[in-house]
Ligand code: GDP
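Next up is one chain by itself, shown in structure tokens, the form predicted alone.
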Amino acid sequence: MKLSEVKNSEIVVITKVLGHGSFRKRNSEMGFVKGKEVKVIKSAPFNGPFEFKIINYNVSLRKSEADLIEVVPLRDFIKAKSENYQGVIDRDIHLIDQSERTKIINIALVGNPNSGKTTLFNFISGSKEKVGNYSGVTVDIKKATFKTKGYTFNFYDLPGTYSLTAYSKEEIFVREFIYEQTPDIVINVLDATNLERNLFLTTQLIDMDVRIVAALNMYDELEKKDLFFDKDELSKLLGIPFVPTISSKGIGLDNLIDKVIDVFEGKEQITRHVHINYGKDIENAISIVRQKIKENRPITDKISSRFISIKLLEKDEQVASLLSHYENYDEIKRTTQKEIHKIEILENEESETVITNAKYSFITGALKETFKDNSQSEKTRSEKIDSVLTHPVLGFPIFSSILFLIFYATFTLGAYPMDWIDKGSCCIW
């Protein structure tokens, strides 16, 4: 069954995502992957777009796009025995105390749109940057410098992005800034009420092998919604300290700065470098491609060879172009294509989809014991209003009534002030 054929309010499970190129990549990263539940919120008349809820996000798709996603009713879906959760691969690397060489800490703020990243930046730095609830508000880099606790902090507010692919200019900008400017710490701002969606970007930052401090923003909303989250347990797994914050009120920001200093000085016990385990087949492919990349080392001095390998296996052309000057580039290319072919034969999926599925499997497994939603699923006020205004039977009469009231107010009620204006004009003349 196609997703476009599902009735309003019905919950289904994705079994396959068809299509190619940017459509498939973007929708996979937004959570449209095999095994995820999708709820149909509403559909527009005359074959218009659909609105769906997936991973606690509302997403609109055209009918032609929904036609490319195959689903089954929730009652008919049989979960696999294994969630393909492989955990992490620990690395025996000691963190360096960077305070011995400098008292300047360069920090990059990275997060999804609507995670409160720019609000946090404004509050912590005293800036007045534009804030909005839609993607693309932060279209370029914002910098703020201040001194506290014996350090000079350079904060860089990077564009909001859902991932670090080469799909949009924001995504390319963020990852280029990270590997070209090499910030000391990356503060990953997360929407605490929607960790499953936000942690996808976190997995990519882990692949980049950067030091991360996670700001669990809007933490008060998590508590209001009766969501249980064992942040300490997830911190131990990922090697990333999680700090609860409420950026709109400035709560938790002092603790965030303290945690940044601890990580910078190598004092934070939780912090460690890990590799997300993507499973035997993908890990073997990553290892083989990495060996070819590391035969020449110039670019890997700044960019993690593991990150490059994963991106090559995802057919990322922008990353591939970074290696074009390598003497063994043709060999790297041939090796990568060979490993991609192996993965796609084994999984019967495109390689980038396989890796995206592996990331979401990891996130699902990591949150299985650390995050629980104890609240009852209720419609929001907006959804209740929409259910009436967009009702298939009541919607058109309501729409017609609203149009009638607008015309009535314009031509009938509006005639009175027009008469007053005309009379006033006559008296003046």
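All values reported here derive from a predicted model rather than from experimental measurement. One rule holds for the numbers: they count along the sequence shown, beginning at 1.
Quick note: we don't show the form predicted in complex with the ligand, though the next part is all about it.
Residue-level contacts in the model of the complex: of Gly252, Pro241, Pro183, Gly116, one residue has a heavy atom within 4.5 Å of the ligand, and it is Gly116. This chain is drawn without the ligand; in the model of the complex, the residue among Leu313, Leu256, Ile246, Ile293 with a heavy atom within 4.5 Å of it is Ile246. With respect to the ligand in the model of the complex, the three residues Asn112, Asn217 and Asp220 uniformly fall within 4.5 angstroms at the level of their nearest heavy atom. Residues within 4.5 angstroms of the ligand in the model of the complex, judged by any non-hydrogen atom, belong to 117-125 and to none of the other stretches in 117-125, 147-155, 280-288, 328-336.
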